[in-house]
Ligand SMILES: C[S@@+](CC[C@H](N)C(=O)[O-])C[C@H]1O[C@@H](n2cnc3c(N)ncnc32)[C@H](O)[C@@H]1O
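Before any questions on how it binds or moves, here is one chain, the form predicted alone, in structure tokens.
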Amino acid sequence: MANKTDIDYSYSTMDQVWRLSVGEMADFTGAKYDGDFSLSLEAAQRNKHAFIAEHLHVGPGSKVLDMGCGWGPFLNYLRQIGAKGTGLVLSEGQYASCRRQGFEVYIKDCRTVTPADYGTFDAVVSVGAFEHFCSMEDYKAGKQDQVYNQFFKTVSDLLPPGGRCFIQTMVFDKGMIELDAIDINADKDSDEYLMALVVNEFPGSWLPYGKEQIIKNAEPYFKLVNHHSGKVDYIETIKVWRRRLKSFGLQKYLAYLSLTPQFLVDPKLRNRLKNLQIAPIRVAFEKGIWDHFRLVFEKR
């Protein structure tokens, strides 16, 4: 799994910029437009939250664990509908933001949680965090299936029979290149360079190979009850994010300016800021390198 240093690099470094661009409880995952791109980003994100709650049978009084809760957008939705949410996160910036909002959040590796930590739950949610559960080192060592199988065992232990789990994650599609081909010095129009920018932004993380790998490893503990691609929705989400990240705001531009010392000494950060120009994840979706899925599982 991406370790705490990796996660802090991905999320804490740009914490203030993201909150000033997307909102105090920034939802750094694909929204759910359902083909209606006239919707605001906030309305589309709320559609996603409502979809999750409906398919997990979550309502007032439900106890829900949000694995990788980010800045707390789904925890906020749970609070609004009268459910009790508990969040787990590794990013210090996201943790501090969640605590300011009064959410019950803990710094904890999602893969190591047991009922002894916070009890059991009616439902478990992981929106975007699944992308970080397998590291490149795990993949190279042939442990990717083992990592996912153990994760679903962990989730199963937290749920009663019939309890449901929601996973939203990006996955590799048929156009994905070999890991060893990824090269930050490759031609700027190449897939090798494109993927190097993504790996630079999310160190320590490696995606599953299609929804099939996820479903296969959930099978001993869960049956799949609903799934669909959210790739088109995510492409639109990224377009909105880019506009907001680039739009002028004095506080936001001061936050960008505060990164200057790191920018001058850290080539990784300089490469990362190129993402604002290229939007490599969106391009990876458009080129068939990546896909994106929402999956609902029910414990056997």
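Note that the coordinates shown come from a computational prediction; the quantities given were computed from them, not determined experimentally. The numbering used is simple: start at 1 and walk along the sequence shown.
Below, we turn to the form predicted in complex with the named molecule, even though it does not appear here.
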Among 243-251, 53-61, 256-264, 23-31, mark the stretch whose residues have heavy atoms within 4.5 Å of the named molecule in the predicted complex.
23-31
Exactly one residue in 108, 79, 227, 143 has a non-hydrogen atom within 4.5 Å of the named molecule in the predicted complex; which is it?
108
Taking the named molecule in the predicted complex as the reference, which of 152, 121, 133, 103 has a non-hydrogen atom within 4.5 Å?
133
Is there a heavy atom of residue 89 no more than 4.5 Å from a heavy atom of the named molecule in the predicted complex?
yes
Even though the named molecule is not shown here, does residue 214 get within 4.5 Å of it in the predicted complex, heavy atoms only?
no
Find out whether any non-hydrogen atom of residue 65 is located within 4.5 angstroms of the named molecule in the predicted complex, and reply yes or no.
no
I'd like to know whether residue 197 contacts the named molecule in the predicted complex, with contact meaning heavy atoms within 4.5 angstroms.
no
Using the arrangement in the predicted complex, list in sequence order the residues of 126-163 with any heavy atom within 4.5 angstroms of the named molecule.
127, 128, 129, 132, 133
